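In the block that follows, a single chain appears as structure tokens, in the form predicted alone.
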């Protein structure tokens, strides 16, 4: 299994890659906050945010197809959650439909909210993809720790990213062993076999976690992550942060004019 699906292009050399992880984290958080606060009819603001992402993408030299493909993977989950809003939102009815024994109605306000949620989610996901694609995960976690994120959360994220691949490889080996034994039979037998695999995987993950924890404590682990590379705030970080902050603030204020 490929172990670099999140930060696949983080080793490239560009203006965005050379920025301090803390600058990119704060800028991304500010961008997502501005997108979330934009009113439903803020088309000028959405156009400005799209232009910011386009410039961000161009400066980072990350392939456009990669970013769009990754963003489209997340959107179906957003649609699955928000698809029912037009049917339950009160307001002027845009259309009524008969579904077997039920009659459902779609409202204009519900459609507007659904459209706004999809736009916000897509812009936010694009910014997060650009963040993870231009920052190595150890540097990203180090930046989170420097921004005073709870240390236990940083460690959980670090171990999750490090060992999720180990668990996936373990599942693939168990699946290969199951298939090599001519996996078949009735439906109930198949469900029972899959349930046994899940239980075995849970026990193996728990035991592996205990062994890893014991090994870390034996080596003097005190809950703090240490890296050889020190984070350094440079003038380019100040220029980037001020420019992006000014643009997103202006994008929100333009709706009030």
Partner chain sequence: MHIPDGFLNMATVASTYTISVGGVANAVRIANKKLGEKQVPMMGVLAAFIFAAQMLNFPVAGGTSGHLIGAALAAILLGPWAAVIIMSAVLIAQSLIFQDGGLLALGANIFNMAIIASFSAYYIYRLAQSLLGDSGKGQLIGVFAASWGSVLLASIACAVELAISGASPWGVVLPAMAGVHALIGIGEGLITSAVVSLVLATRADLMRLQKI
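Numbering follows the first chain given and starts at 1. Bear in mind that the values here come from a model prediction, so they are computed numbers and not experimental data. Note that the rigid core is defined as the largest set of C-alphas that superpose within 1.5 Å between two forms.
One more form of this protein, predicted together with its partner chain, exists but is not displayed; see below.
In the predicted complex, residue 217 approaches its partner chain with a heavy atom inside 4.5 Å. Residue contact with its partner chain in the predicted complex: residue 199 places a heavy atom within 4.5 Å of it. When contacts are judged by a 4.5 Å heavy atom cut-off, residue 191 counts as touching its partner chain in the predicted complex. Residue contact check for residue 111: none of its heavy atoms lie within 4.5 Å of its partner chain in the predicted complex. Proximity to its partner chain in the predicted complex holds for all of 73, 120 and 125, with the criterion being a heavy atom within 4.5 Å. Contact with its partner chain in the predicted complex, judged by any heavy atom within 4.5 Å, is made by just one of 64, 51, 37, 44: 37. The two forms, fitted on the rigid core, differ between this form and the one not shown by less than 2 Å at the CA of residue 124.
Taking the rigid core as fixed, one finds a CA shift for residue 141 smaller than 2 Å between this form and the one not shown. Fitting the two forms on the rigid core leaves the C-alpha of residue 26 displaced by under 2 angstroms between this form and the one not shown.
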